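Following this are structure 1 and structure 2, which are two forms of one protein chain, each written alone as structure tokens.
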Structure 1
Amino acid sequence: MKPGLLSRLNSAWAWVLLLFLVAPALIAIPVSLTAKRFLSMPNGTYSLQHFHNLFTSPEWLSSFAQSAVIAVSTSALATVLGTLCAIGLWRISSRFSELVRAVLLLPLIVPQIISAMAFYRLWIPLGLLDSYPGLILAHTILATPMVLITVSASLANFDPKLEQASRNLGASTGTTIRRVILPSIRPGVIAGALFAFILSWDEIVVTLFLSKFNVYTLPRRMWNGIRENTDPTVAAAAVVLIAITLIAFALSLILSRHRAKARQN
């Protein structure tokens, strides 16, 4: 059956919208290949010199390592907290639980600049400014709602009879969660972990408020690089950042498709 005119117009509009959102970020790819020493489009000559500078510079490599440590730690913490919150709210399932869910999702609604100012005020007396724990905690608070959403979506398709059967057979609550519920919602948990990693890996607003000298993540170094000079190595770093984000997003899509196929079977 051929798609109708309305369906084709919707598809065309979706592609135009996607191109409008993605195209500005893709400008970094040709700029990263320029042979010149300042940010510019290549003029017939291409070079990988800026990628060589990126992967041989101790400062850039340090920022890569710091971003990786913070993003992986954030992903692990947010996954544990978001999964436990989602399972708890799913088990309670009342109006109060929906109110708690709305409160937990607030970090997604509140503008990041406001969250950054709040973190800054709170972290000063706690001595967490410009430290790994401070940045990981802040990113975890921002990323946990992403995990809560993906795990809650998986739990919506979970058959409660499986849990009842496990409890009737004498399994404890911990055993039921570990051996029955978690394996059934694994794709949602993994997708949430990937989204949490992406959020922390790309985050810049909160990082600008909370870090200064001791913690220097990749987005912060790129930000300062653009402000202080016009080195095309910034564009090469942006390409690597986009590539890692796209890989994580592709993994999330693959998991979603596997989950959809498993649901159909």
Structure 2
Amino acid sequence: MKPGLLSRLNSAWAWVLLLFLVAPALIAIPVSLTAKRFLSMPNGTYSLQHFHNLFTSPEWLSSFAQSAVIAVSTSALATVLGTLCAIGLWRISSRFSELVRAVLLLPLIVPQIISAMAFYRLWIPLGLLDSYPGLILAHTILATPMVLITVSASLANFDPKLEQASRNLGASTGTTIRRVILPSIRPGVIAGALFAFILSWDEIVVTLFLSKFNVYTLPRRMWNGIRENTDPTVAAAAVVLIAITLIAFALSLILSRHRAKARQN
């Protein structure tokens, strides 16, 4: 059946929309190259001074480092907790455990402002405000459901008979998880770790409430820069973030193609 005229028009329209989704972010590139000292489009003269500022200013560098520390710790913690959870729920799989699963996914759907409020309320008496453990704990609670989802998706394709076989041959629960289950759900675990990292690396609403002076993550500094709306260093930071996103995305594409090929062979 040949696609009709309307269908072809819609297809062109869809491409316009997809470009609308991606293209606006590119404006950060010319703005970051402006020779002026305030946020503006460069008119004729270009300069790399704002990138120079980004990579030499102690504030921006420390924010990069802090975000990296928090995101890596969050990703590690969330991956362990989420994977254990997913395997546990998969093995139980009763009506009740599905209910528990829904509860465990709540942090993904509860508006972030309410999550921020809840953490803020509890972190004050616990003395966790404005500290690494405070932010890492909060981000871990937000990110673990993401790992739970990706690992559960992998487990759905895993044959439970393999687990029974392993246990019948005398392997303990720990050995079965390590040697039989984990290797077959590795793609889900890796995807979960990646998502958890990005969530924490990019998280701003909860961070706005929980950080102040000691901890000043990259999103927090960008938020300030956007609010003040003057220093073009923000544009340079945005360009770096776009580049990191594209690299991470390309890597994940290559990884998944690689896996698909390996499966075919």
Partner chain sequence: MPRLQIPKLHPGWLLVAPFLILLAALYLGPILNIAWLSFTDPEPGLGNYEKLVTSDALARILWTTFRICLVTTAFSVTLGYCIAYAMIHAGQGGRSRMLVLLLVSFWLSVLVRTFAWLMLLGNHGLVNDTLVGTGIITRPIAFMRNELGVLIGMVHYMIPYAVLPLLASMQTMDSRVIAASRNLGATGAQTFWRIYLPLTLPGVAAASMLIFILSLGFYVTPAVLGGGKVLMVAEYISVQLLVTLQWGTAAMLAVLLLLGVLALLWLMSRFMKLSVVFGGSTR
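Throughout, residue numbering runs from 1 along the sequence of structure 1. By rigid core we mean the largest C-alpha set that fits within 1.5 Å across both forms. Every value quoted in this text rests on a predicted model; they were computed, and no experiment measured them.
Here the form predicted together with the partner chain appears as structure 2, and structure 1 shows the other form of the same chain. Put the two forms on the same core and the Cα of V205 is off by less than 2 Å between structure 1 and structure 2. When two forms of a protein are overlaid on their rigid core, residues whose CA moves 2 Å or more are considered shifted, and A68 is not one of them between structure 1 and structure 2. In this overlay on the rigid core, L26 has a C-alpha that sits 2 Å or more away from its partner position between structure 1 and structure 2. Per-residue C-alpha deviation between structure 1 and structure 2, core superposed: A12, 4.4 Å.
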